[in-house]
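Two separate entries follow, structure 1 and structure 2, each one form of the same protein chain as structure tokens.
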Structure 1
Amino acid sequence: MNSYSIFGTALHRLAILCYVVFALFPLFWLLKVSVTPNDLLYSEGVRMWPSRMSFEHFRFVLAHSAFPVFFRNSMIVAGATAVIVTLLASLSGYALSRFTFRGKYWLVALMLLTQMFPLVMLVAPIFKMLSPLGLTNSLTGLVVVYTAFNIPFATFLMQSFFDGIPKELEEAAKIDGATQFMAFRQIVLPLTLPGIAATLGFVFTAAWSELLFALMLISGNSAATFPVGLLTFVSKFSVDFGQMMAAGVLALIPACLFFLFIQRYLVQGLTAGAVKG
């Protein structure tokens, strides 16, 4: 190995290290501030770790704030949205992958068109549509909106996984007497578990961290999700950084556990199609 290749390898690894530090440092700072007592937040200046740790912010968030309600609402909305979108996207993605029908390309173009509009432009019309139906200030309304906005991308994502499965497998199953739905359920669906995991992860994360519609469609704490709930730690004249960071750390736990649970399928799903065999 010559000196140029050694230098290139070292430079490449240094770049990766810098990227990892850049990506993880905000999370480290989130944790650091969450365990810093109030009396040290400003008195110690900028330190990599406080001289004294305290979990007072976590105790306040869990026992004396509405964060448990925000947390529960986010779990309901994100979980329901992820399951509904993945189910519908699996069916529609399979239809786009396997069937040819009149208006198919116009349907695809329309689904792409829905992704081109800035979300802030759609807040007022959606509020006007949901208000007469009684779906504002409700978790059901959020699930409906999140489902509508996530289905197009999730459909294209699932379609790409179905496209990677040979049609000959289904044809062989049909020769053995299976119907189209049986071939889909027993042959195709198990092979797309990585794709389903990737879609679940994407939709869950998108719904879990969404702020704009949750802020505009929800008017009370009883139906607020945690991104909106974080704003309750901001008062007119001050910001409770310690409590806000503690709430942020707690909000990371479900997402981390969820991805830990599906990581085996997620890695396969994200790399599917990258290597052609």
Structure 2
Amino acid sequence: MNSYSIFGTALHRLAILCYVVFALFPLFWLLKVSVTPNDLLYSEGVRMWPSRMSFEHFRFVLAHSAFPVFFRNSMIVAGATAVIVTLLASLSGYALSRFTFRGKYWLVALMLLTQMFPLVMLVAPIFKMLSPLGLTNSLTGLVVVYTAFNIPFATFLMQSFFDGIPKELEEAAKIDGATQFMAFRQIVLPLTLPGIAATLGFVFTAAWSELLFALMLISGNSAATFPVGLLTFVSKFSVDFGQMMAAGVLALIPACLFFLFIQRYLVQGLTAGAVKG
């Protein structure tokens, strides 16, 4: 190894380090403030870690606020949305990957269109459509809306995973005696597990984060999701930073866990898609 490449390697590692620090610092700060006792919050403003740690904020948030309810609601909404979207998107993604049919072009165009306009536009019409059905102020309503919003992207994602699976495998299964659907279920789906994991994670994160429709379709605490709860909390107790950040840390945990679990499949899946086109 010559000096040039040692220098290059050092530079490379340093750059990676910069990115890691940039990515993690805001989250670290969130954590730091959430464990800083109130009396040290202002006196030790820019210190990297408080001289004394405390979990009082977490304790307060969990015991004296509606956050456990928000947490549960968000879990239900994000989980259900992720499962349903992944199921439906694997069907439609499979169709886009494997069949040529007359409506295909229009279907793709429609799905692309849904990615083009500001979703704000849909708030009022959706509210007007859902309220006679009793789906406003209900978790079911949110799941329905989030499912529809996430299907187009999830379909494209699943399609790229299916494209990575050789067609011959299904043909072999069909010759072995399988129907198209059996080949899909027994051969293709098991091989798409990374793609399914990636889609699940992506949709879960998206549904967990959604604010606008949760804000408009839900009133009152009983069906509020985490983002809504946190935002109300912020506007109500806008000075109690420790508690807000403790709530923020709690909101972060499931999404981040999910993401760390699926992120390697995500690159893998996109690579499979890229290889093809």
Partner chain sequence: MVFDATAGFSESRRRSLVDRITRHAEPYLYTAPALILIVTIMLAPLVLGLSYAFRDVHLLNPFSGGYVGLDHFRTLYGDDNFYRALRNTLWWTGASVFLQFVFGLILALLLDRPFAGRAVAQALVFLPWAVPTFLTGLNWAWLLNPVIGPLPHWLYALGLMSEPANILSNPQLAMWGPIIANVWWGIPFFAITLLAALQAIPRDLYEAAAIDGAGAIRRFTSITLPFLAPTIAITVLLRTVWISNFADLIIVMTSGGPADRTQIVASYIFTQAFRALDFGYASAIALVLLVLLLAYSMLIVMLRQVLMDRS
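Structure 1's sequence is the ruler for residue numbers, which start at 1. Here the rigid core means the biggest group of C-alpha atoms that line up within 1.5 Å when the two forms are laid on top of each other. For clarity, every value in this text was computed on a predicted model and none was experimentally measured.
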query: Of structures 1 and 2, the one that is the form predicted alone; finding: 1
query: Core-aligned C-alpha movement of L24 between structure 1 and structure 2 reaching 2 Å; finding: no
query: Core-aligned CA shift between structure 1 and structure 2 for L14 (Å); finding: 2.5
